[in-house]
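Before any questions on how it binds or moves, here is one chain, the form predicted alone, in structure tokens.
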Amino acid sequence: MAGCSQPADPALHRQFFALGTLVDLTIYGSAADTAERAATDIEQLFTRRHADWHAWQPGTLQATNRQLATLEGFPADPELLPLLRTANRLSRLSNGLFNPVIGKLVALWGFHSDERPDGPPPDNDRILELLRQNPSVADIALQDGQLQSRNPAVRYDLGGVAKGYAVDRGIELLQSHGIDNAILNAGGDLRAIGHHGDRPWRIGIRDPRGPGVLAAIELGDDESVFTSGDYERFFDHDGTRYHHIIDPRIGYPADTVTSVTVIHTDAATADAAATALFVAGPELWQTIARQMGIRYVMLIDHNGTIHMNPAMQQRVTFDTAPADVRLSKPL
């Protein structure tokens, strides 16, 4: 009959590059034309945000950073403003361990480049100078759509939250199309809604020090899984790995953890929390997780020990039983 649409058989897959990573969208069980329209809208959304939020290429974020450096107030871009509010809020909840305004430190380490940096690490005196300036979201005044910094060292780098925020907006867009079953995966970090047919979505957690998958997780009806690892962007120099997750307290890459995986309903929260808990390390991760409202955490330290809370232990299935697991108290 005219106007009738056949269901996708059984799923639509779309891949594209945005926000520095490969984005993979799967829509299950929706009408084929609806799924195609939604996928096109998602790709356009991510492509726009890639240009707007890029930390070192011309765009809205770079222009915002230039204006912040003047220490004068200015109208914030209305599309960037909600992301900045989200980033600032999550930074405060993390006690600044997720710090979205240390872009100058990230650039000093060479991670504001499309090419992987080579060693050696930056001069320690230059690191200390940036640490003395102590940029934080507390330096940002954001009121009535106006943005102002009181610290010239402030420079937004939204790499620890933008991907999650974009995934959340993408899921909202899918739902506006009436899509109930989908998974939106940005470089291994994802949010899933509904189911994959008659079974839940099942995803793998990468082994940070070996090939393949370390464990698997079955997702609920609407959940996000995000992982921060020292294998994502790094360089080796004189036998030491220097990666892109900078501890804002010391100005150097956090060195006690190889990966952190969190589950949360909100992808932006999961994204920022994975970074914050990586920096927090084995000693502080439980405190920061509670403050950020995270209830499922798996942290692998530099010795290969797996730290988990009991709720996460119930969610994770390992391919091979790990040699050393330490359970925390419930979060």
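Computed from a prediction, not measured in an experiment: that's the story for all the values here. One-based numbering along the sequence shown.
Just so it is clear, the following notes concern the form predicted in complex with a small molecule, a form of the same protein that is not shown.
**Q** Indicate whether the small molecule has at least one heavy atom within 4.5 Å of a heavy atom of Gly229 in the predicted bound form.
**A** Judged by the heavy-atom cut-off of 4.5 Å, Gly229 is in contact with the small molecule in the predicted bound form.
**Q** Should Asp189 be counted as a contact of the small molecule in the predicted bound form, where contact means heavy atoms within 4.5 Å?
**A** Yes, Asp189 sits close enough to the small molecule in the predicted bound form that at least one of its heavy atoms falls within 4.5 Å.
**Q** Classify Gly159 as contacting or not contacting the small molecule in the predicted bound form by the rule of any non-hydrogen atom within 4.5 angstroms, answering yes or no.
**A** Looking in the predicted bound form, residue contacts with the small molecule include Gly159, since a heavy atom lies within 4.5 Å.
**Q** Looking at the partner-bound form in the predicted bound form, is Ile246 within 4.5 Å of the small molecule by any heavy atom?
**A** Because a heavy atom of Ile246 falls inside 4.5 Å of the small molecule in the predicted bound form, the answer is yes.
**Q** Which of these stretches, 159-167, 213-221, 120-128, 195-203, has heavy atoms within 4.5 Å of the small molecule in the predicted bound form?
**A** The contacting stretch is 159-167.
**Q** Looking at Leu184, Ile102, Val225, Leu174, which has any heavy atom no more than 4.5 Å from the small molecule in the predicted bound form?
**A** Going through each option in turn, the one that passes is Ile102.
**Q** When you measure heavy atoms, are Thr64, Ala76 and Val137 every one within 4.5 angstroms of the small molecule in the predicted bound form?
**A** Heavy-atom distance to the small molecule in the predicted bound form: none of the three under 4.5 Å.
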